[in-house]
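Let's start with one chain on its own, the form predicted on its own, as structure tokens.
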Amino acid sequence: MPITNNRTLTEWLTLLLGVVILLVGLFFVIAGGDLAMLGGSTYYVLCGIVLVASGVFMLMGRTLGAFLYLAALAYTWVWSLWEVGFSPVDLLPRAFGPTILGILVALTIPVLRRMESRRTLRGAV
């Protein structure tokens, strides 16, 4: 019996976002590790690990991936405010990109829930 994959466009876009987050996480872990070895902040390594997990869970169609990303975003804001204070010019490069991705991730939560419930129903049959 052939396996068919009837994913919707929003599901494919959600999976694509998961890939983007996974790749950003890998970059953070690798480059952040180098930075930490030079005495820099461990923020990038820690955040990168959470982003890798987030991307993997999103690719699995699990809402945990979205919530992990949102937790990393909250951590990013705390770290950014601690590092530069409330200076908009200094916050922009640290928080703008992650926040835009966070908005997209928040929009995927209903899609991930649908994917999760469909997988659960398939497993129960």
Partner chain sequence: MRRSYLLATAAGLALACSPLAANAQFAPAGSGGPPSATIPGPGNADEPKENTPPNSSYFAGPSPYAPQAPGVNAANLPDIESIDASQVPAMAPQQSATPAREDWPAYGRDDKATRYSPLTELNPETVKRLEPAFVYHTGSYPRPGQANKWAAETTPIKVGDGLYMCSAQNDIIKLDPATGKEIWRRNLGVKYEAIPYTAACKGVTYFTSSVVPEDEPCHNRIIEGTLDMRLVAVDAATGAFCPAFGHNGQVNLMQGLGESVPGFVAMTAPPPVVNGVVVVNHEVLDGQRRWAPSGVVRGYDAESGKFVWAWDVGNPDDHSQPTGNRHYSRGTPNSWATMTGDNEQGLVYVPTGNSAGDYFSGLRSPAENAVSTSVVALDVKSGSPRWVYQTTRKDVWDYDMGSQVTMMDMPGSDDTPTPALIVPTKRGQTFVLDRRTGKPILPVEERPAPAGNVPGDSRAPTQPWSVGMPALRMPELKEKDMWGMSPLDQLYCRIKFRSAHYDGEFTAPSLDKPWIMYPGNNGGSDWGSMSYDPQSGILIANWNASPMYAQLITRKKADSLGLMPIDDPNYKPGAGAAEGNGPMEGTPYAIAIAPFWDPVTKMLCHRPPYGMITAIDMKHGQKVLWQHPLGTARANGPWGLPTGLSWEIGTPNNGGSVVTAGGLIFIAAATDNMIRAIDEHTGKVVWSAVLPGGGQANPMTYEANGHQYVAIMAGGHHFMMTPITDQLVVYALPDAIKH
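These numbers come from a predicted model, not from an experiment. Residue numbers count along the first chain shown, from 1.
What follows is about the form predicted together with its partner chain, which we do not show.
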Under a 4.5 Å heavy atom criterion, is residue 112 part of the interface with its partner chain in the model of the complex?
no
Residue-level contact is defined here as any heavy atom of the residue lying within 4.5 Å of its partner chain in the model of the complex; does residue 94 satisfy this criterion?
yes
Contact of residue 106 with its partner chain in the model of the complex (heavy atom, 4.5 Å):
no
Please tell me whether any heavy atom belonging to residue 28 falls inside 4.5 Å of a heavy atom of its partner chain, as the geometry stands in the model of the complex.
yes
17, 41 and 98 - do all three of these have some heavy atom no more than 4.5 Å from its partner chain in the model of the complex?
yes
